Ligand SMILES: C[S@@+](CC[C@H](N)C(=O)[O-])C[C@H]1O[C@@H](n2cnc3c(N)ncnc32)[C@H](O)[C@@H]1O
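One chain comes next, on its own, written as structure tokens: the form predicted on its own.
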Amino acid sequence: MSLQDQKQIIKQALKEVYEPIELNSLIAILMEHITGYNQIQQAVNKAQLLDKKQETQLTKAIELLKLGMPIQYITGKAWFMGNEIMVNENVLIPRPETEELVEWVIEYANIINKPLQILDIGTGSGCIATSVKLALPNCMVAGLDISEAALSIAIQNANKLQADISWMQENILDTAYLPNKFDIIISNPPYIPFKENINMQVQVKNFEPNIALFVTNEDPLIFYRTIARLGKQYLNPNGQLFFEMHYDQGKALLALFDEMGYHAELKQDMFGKDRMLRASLKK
């Protein structure tokens, strides 16, 4: 069948699962993944026949999309801060709000305007650490994660983008020691109480790594408390903590950081929700 015919097959197979605008985008991305043609080339070559291997790829991809697998895991790539990065089911798919967190860190570092020591805790795909290093090449950047599989992806992404980063495999909840002090510690930690699992999209809860998403209902702020405790020992003078956070945990987090001896401020994302926090130790 021709490329155009295959597009119609995908549309028919998935029309009950995805909204039309999202589906059109998925089809274009999937066909580029399989054929190598961008959208313009797909239109020009719409009569071209797919070979058997491509048809098999397409059939498998349709079945996975029906189950709700994110297109990024099917293609093995996502975009973050203008760079293509590798992803699989061992790492979260980067979100636009995380780009806003990185932009906040870069903005702060540029104001300080000196080489800094920066640590990304829960690095996952390495998208935060790699983007920070590319934007701030004179800074030393390290990434830490509990997952060996995630670190493998992070290392590949950093190598591909030629970002020189140090890596550590640690469970931050059990970490009592860091190799040196830092000027900035960044984290997009697990922060979704497990009770919210029931309301989440299938694409997220069934395919993205639960270890990077969920925390216990009893202590949803455990990662923030742990990192704040480490910050007291491992932040350099005037050091800063930067976090992504659940949109409805702002008041609780401000109270937590105040109690632990930090000045903290919230920052809203592009949708007007509290999604980021910066904290520094009180003088």
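Quick caveat: nothing in here was measured; it's all calculated off a predicted structure. When you see a residue number, it is the position in the sequence shown, counting from 1.
Note that the form predicted together with the named molecule isn't included here; everything after this is about it.
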Q. Which residue, Ile185, Ala154, Ile128, Val141, has a heavy atom that falls within 4.5 Å of the named molecule in the predicted complex?
A. Ile128
Q | Position in contact with the named molecule when the complex is considered in the predicted complex, options Leu178, Val204, Ile172, Leu136, heavy atoms within 4.5 Å | A | Ile172
Q: Would you please decide whether Ile74 lies within 4.5 angstroms of the named molecule in the predicted complex, comparing each non-hydrogen atom pair?
A: no
**Q.** Ser147, heavy atom within 4.5 angstroms of the named molecule in the predicted complex
**A.** yes
Q) Is there a non-hydrogen atom of Ala109 within 4.5 angstroms of a non-hydrogen atom of the named molecule in the predicted complex? A) no
Q.
Met81 versus the named molecule, in the predicted complex: is there a non-hydrogen atom within 4.5 Å?
A. no
(Q) Taking 4.5 angstroms as the heavy atom distance cut-off, pick the stretch from 193-201, 207-215, 158-166, 109-117 that is near the named molecule in the predicted complex. (A) 207-215
